[in-house]
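Heads up, the chain below is alone and in the form predicted alone; it's given as structure tokens.
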């Protein structure tokens, strides 16, 4: 793969309700900050990818709400296209546009305002209309089925998934963009209500409003513009079947395959040793454990022990979600792009909880019910 660089990143602060800001406001803030971070003007950008979803936006052709504020109307007009899915998938598409030889640079934007939608109603519509939708299934109950399946399979104690919440919320205290910033105990988490057993309320990522953007370029473009590049060393996207009943929910073959392909591209033999920091998309706390296993950081059934050993660690071997992760700020569609951005900041030495001497980072995004699809990025600074 030709060398592709990330040379500009930006994210808005995330909060439960940005009622005073439109989608266009959020998009403009993220776009202008990313351009400033890269030292570029909109005239330097070859094309634009927006990442959104018509259902979450409550409108058809959701990119139309943010096109002008992202710079699509500049000059004679810039090519703009939309990806419906997680922000990592938008970045994946932006990268392929550059690799095609059609463009030297791509602006990738993601926006979301969950405060203007209804997660239950939208994700209920993901299910079969005849047999599943009527019983009230949604993304949370799907995650509950996955969590229970995983816990039962490997006898995972509840305190281990609760510890992921404690760790991430504590990490978020220093993150000015985080939605939730608080010190918790395991007991606090396990005493919270269970809206979908075995998942506790505090184990669910918050519903956040916000936007994020990054700029991808060729190596020659990055050098020409004096950028501070972070390089894409490996990337892969894989998906599995949609219906929950056709999947072994205690594992994730799609994530395992995506990770293995990205590692092969990046020349990684031992991810636990070869990666310095990881930003993992965890919509619920148990996913940080399960995804760590499928990413090859530990053996199956050992995700809880692995996370427990990193409860307060920001030095040494492979810290997980030093930004606070999605358990501290979760704007659907945007959250995966934020994982890439936080990984880039770690490699630049500019992160709020900086991992010492980080040279290679992993960023992970997911989309669909109970992690149906996954995108894994390996980033390096050399």
Partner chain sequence: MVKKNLNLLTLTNGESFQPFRYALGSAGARFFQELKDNNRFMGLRCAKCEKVYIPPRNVCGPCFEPLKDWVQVGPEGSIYSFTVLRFAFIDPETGEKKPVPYGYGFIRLDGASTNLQHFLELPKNGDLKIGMRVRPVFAKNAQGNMRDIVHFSVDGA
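Because the structure is a prediction, the values reported are computed rather than measured. Residue numbers count along the first chain shown, from 1.
Not pictured, yet referred to below: the form predicted together with the partner chain.
Residue among 226, 176, 75, 193 with a heavy atom within 4.5 Å of the partner chain in the model of the complex: Of 226, 176, 75, 193, the residue with a heavy atom within 4.5 Å of the partner chain in the model of the complex is 75.
Candidate from 116, 182, 187, 219 lying within 4.5 Å of the partner chain in the model of the complex - any heavy atom: For this set of options, the contacting one is 116.
Non-hydrogen atom contact residue 85 with the partner chain in the model of the complex at 4.5 angstroms: No, residue 85 stays farther than 4.5 Å from the partner chain in the model of the complex.
Contact of residue 248 with the partner chain in the model of the complex (heavy atom, 4.5 Å): Result no; residue 248 lies far from the partner chain in the model of the complex.
is_contact(residue 42, the partner chain) in the model of the complex, heavy atom dist at most 4.5 Å: It does: once the partner chain is placed as it appears in the model of the complex, residue 42 has a heavy atom within 4.5 Å of it.
4.5 Å heavy atom contact, residue 57 and the partner chain in the model of the complex: Yes, residue 57 is a contact residue.
Candidate stretches 333-341, 347-355, 319-327, 22-30, one within 4.5 Å of the partner chain in the model of the complex by heavy atom: Comparing against the partner chain in the model of the complex, the contact stretch is 22-30.
Within 60-85, the residues that have a heavy atom no more than 4.5 Å from the partner chain in the model of the complex: The stretch 60-85, when checked against the partner chain in the model of the complex, contributes 68, 69, 70, 71, 73, 74, 75 at the 4.5 Å heavy-atom cut-off.
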